[in-house]
Every structure is written in C-alpha cells, then in structure tokens.
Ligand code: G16
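Below, in structure tokens: the form predicted on its own, a single chain.
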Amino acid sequence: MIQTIFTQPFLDQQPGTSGLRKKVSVFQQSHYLENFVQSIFDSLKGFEGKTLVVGGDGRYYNRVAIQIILKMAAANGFGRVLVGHDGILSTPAASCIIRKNQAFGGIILSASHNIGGVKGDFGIKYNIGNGGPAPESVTEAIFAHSQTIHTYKILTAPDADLSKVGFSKLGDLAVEVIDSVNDYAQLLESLFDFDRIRELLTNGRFRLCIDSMHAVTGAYAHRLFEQRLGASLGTVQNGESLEDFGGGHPDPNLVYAHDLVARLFGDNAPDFGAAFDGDGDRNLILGRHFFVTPSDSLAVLAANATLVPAYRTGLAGIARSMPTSQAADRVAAHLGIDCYETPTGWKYFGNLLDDGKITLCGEESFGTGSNHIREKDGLWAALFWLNILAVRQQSIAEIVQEHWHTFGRNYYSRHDYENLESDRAHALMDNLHGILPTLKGKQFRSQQVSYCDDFTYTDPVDGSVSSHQGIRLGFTNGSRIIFRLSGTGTQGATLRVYLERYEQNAAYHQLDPQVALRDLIDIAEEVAQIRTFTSRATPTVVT
C-alpha cells in the first residue's frame, strides 16, 4: 500500500559540492531522509517506469536508508531499481552502472572521506543519467522543493532482501540486486593492459601495498589486485568494509593514511602504495619513500597517457579544479590541447566530458578521473599508474623527477584548518573580500600581486555561471595563494589555503615543499590574518 505522509520542511537541506552531508543523528530524525528523497523525486520529470541505481559506501545507516529509498522509489513510480549487493556500491561503480544500463539516474549514499559510525557522518547525493553528480540547476531545484515540502510517498512493505544477488518486487517496482564489483571491474579491464600489469605484479621483484581503509573498496581491491592481477594475498590491507571504517578516518592523505605512509617511507618499503577513501573515488599514490601530489599525479598521467590502451590515440583535453596546481596546464600546452580551469566539485567536469572537450580531469583533493565514467575514480588511478610503471620499468620517483626535469616543478601544498567556528571562518573570508580591491600591485616580501579576485567560472558548454568559488592571489612570477571554505564537512567550517610556486631550475627540485613555499605561507598569514580570525597557530592537516 502506498502511503502519503504529512511532514514539515527542514531548513538545512542545501546540498553542498557533493550532496547533502550531516551527522548520522540528523538523518535519523523523523522524516529527514524521506523529505530529501522526496525532494529529489519532485525535482525530476519523466522517470515513471525508468531505472534508478542505488547504493552506498557501507557506512553506518546505509542499510536503513536504502530500504527507505527503495520503498519511496516504488511509491513514486520508478519501474526498476538496481541496487548493490548488501547495499554496497562505490561511487565510481555506481557511475559505471548508471551509464552501462542507461538508467534515469542514481542515488549514492556516502559522506566520502568523512568519518563514519553511529556518531559519524552520513550523506546522500543524486547522480543524473550521464553517471555524474547533479549540476547546480538540479541541486538548487532539490533544495527549493525541500523548503516547501508537506508530504512524501512511501510504500508499506517488508524490507527487500539485499543479501542475495537476484530479483524481487516491492509493489510494482522491480528490485534487482547486482554484484557490486563485476560491471565496474570489466570496465577497468577494458581500459588498461591487465596482462602487462599482471606481469609486473608477479615478477617476484615488484611489491605492492593497497590500503582500503576499511571502506568500500575492499571487495573491489581484492577482486582486481589479488584475484585478477595475481598480487599476493595480503596485498590489500584493511580490506573488510566496516560501518565505522574500523574507527579510522577514511581520507587518503598523508595524515589519515598514516599506516600506509609509514610503510612506504620505512625500511624495506614496497615499490608502490595506494589508498582510497570511504566511497572509493579518491586516491593516494606513493612510491618507495616518495609522495605523488594529486596535482602532479594528474600531470604525469596526462604526459604518459598514450602508454595506456584506452588513451593510446591521445587526449582531447584536460581539466583541473581552480585550486589544483598548474602542472597539468604545462602538459596540455606541450601536447597542444586545451586545459580547463573549473570550480571545485566533480560536477563541473561533466559537461566538458560529455561534449568531448576533455579526456582526463582531476582535483588537488586526491581525485583523478577520465571519460570512462563521470566521477573521480581511485582504483582507476592506481591501475593507470601501474600500467605506466609496467611499460616504463622505472620507479615512481624516477618517473616524477623526469617529469619535473621536462616541465619544471610546481611546488604545491594545501593547509587545512578544520572544525573552525563558522562565524570566525566567514569573518576571515569577508575581510579578504573587503581588501581585495587594495591588493593588486602590492609587494609582499619577494612577491608582487599581479591579480586578485573571487573566481567565477563560465561553463563553455552551456554558458552557466558559477561565482564566489574561491579567492585567488596571483603573483608576477606565477605563484598563487587561494583561500576557500570547504563544502564537504558536517560541522563547523574548514578553511583551505592553497599555495603554489613554479620552479624551472632542476637544481632546486628536491626542496621540501614547506620550505620552498615558506614565503607564500607567511604571506597567506599576513594577508588573511588567519591566527587573528581563527585563533589557530597551525593548520590541522598539511598535504
């Protein structure tokens, strides 16, 4: 029986850069999740009888939320739902399945790299028919509906059995529980030279370490690396997906992936290490005693793309988020292709990919991807690197250092000030906005400001405009400082400060980035008065 439930709006359901993220306890409020799901459906047209993809990263509340979504999809007129086995789908896998099945769209349950568990975070986002995150026009419509909602529809029925692959019915809705890994693994196998990678991993000399951080990629990594590519058992660590991620923070950076970092920088270190986040779309790439920044990773993948079967004919173009370093721009110029600068948020790459303007894209926040799906893809990035290593027969450090010798090095770092009081963080940004008109031409230590603005992006495909995307200070020597407030947290505010300096002279390519960027770090403090506004002497995380 379909029920119509009366409700009242929640005023805090504005989606961020990656959907709606809140504490689990917020989503557990009566009607909270239901209101947002109904707002998604109310903002869409023409889905009656169509296919919806549903899955999540396995964090706490995932199973409960999926049952609610299935019953609401049945009540609202969807014809079929494809749902991952046990409710599990990585974000890249969900994008793959939406595209392969020409689904109307998908609902992905994840708070990405945020903490999980009963007291942790939860998230939900809608992906459109191209497999990518909903554009602003859709998320704004969802939010508008959430502010006026008074009823939602849900089917009264027993829960669907998600423990077995197969078919069932919820009212008139066909529910198909699918293997969470198969379609995605087949797609990856079509892109890379698996035979050559397998030869590398089984030659007895190359050692690999994969850290799934007790998040969604465990099953995917076991299937791909240990079963398909022949890596030894135990290569995949923390491979059991847990609702609280084992008490860890599933963010693949130098701070939270500390066990992997210690191993790759320790004695008798493996040749290659990779870690992935909660929903599998972010990646950390490490060589023996060597960290590859996400910005450098995008640039190196682009420069070596023709070594990989899927990209052998070359790249149409590259895109990067505005705060990501300009290393990829130099590769694009060398290749004679365009490089697009977009706001932070993977949704901004969708139009460029769909229009064939770009092949590769990436963000400094440990995300890289290509036109094979419409999400960033952690396992894809690791396989791309392994394919390059298998062909070039060099270490990661050798490949990156040769890249610097050819293109120069873009020294780069991000300083995060997490869990700030929101009013203090916004006061800092308001102050920066106020002084922007006075900064052009000013001299700070060895740097002179050549431009300063609040980044605005005009989409070259549909002409849509996105403003207030981050404050940029550019200097006459090409260095940059960028200030943004993050849209991925669930409490307080996170200030991100991005620092970049280009160095062409190979004699200066081995500096510690924090040393190479010291002037910019000091200038950022002087200009933004970070300590004054936040009462923080140091950042929480430095990457």
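Note that residue numbering follows the sequence shown and begins at 1. What you see is a predicted model; the values in this text were computed from it and never measured.
Unshown form predicted together with this ligand; subsequent notes refer to it.
Note that among 146-154, 161-169, 357-365, 263-271, the stretch whose heavy atoms approach this ligand to within 4.5 Å in the predicted bound form is 357-365. When this ligand is considered in the predicted bound form, only one residue from Gln28, Ser486, Thr476, Gln514 comes within 4.5 Å through any heavy atom, namely Ser486. The partner is absent here, but in the predicted bound form a heavy atom of His113, alone among Arg320, Arg409, His113, Lys71, sits within 4.5 Å of this ligand.
Proximity of Thr534 to this ligand in the predicted bound form: non-hydrogen atoms within 4.5 Å are absent; the residue sits far from the partner. For the chain shown alone, Arg496 is a contact residue for this ligand in the predicted bound form, at least one non-hydrogen atom being within 4.5 angstroms.
The shortest heavy atom separation between Asp377 and this ligand in the predicted bound form exceeds 4.5 Å. Interface membership of Gln13, defined by any non-hydrogen atom within 4.5 Å of this ligand in the predicted bound form, is ruled out. Contacts to this ligand in the predicted bound form (heavy atom within 4.5 Å) from stretch 6-28: Thr17, Ser18, Arg21.
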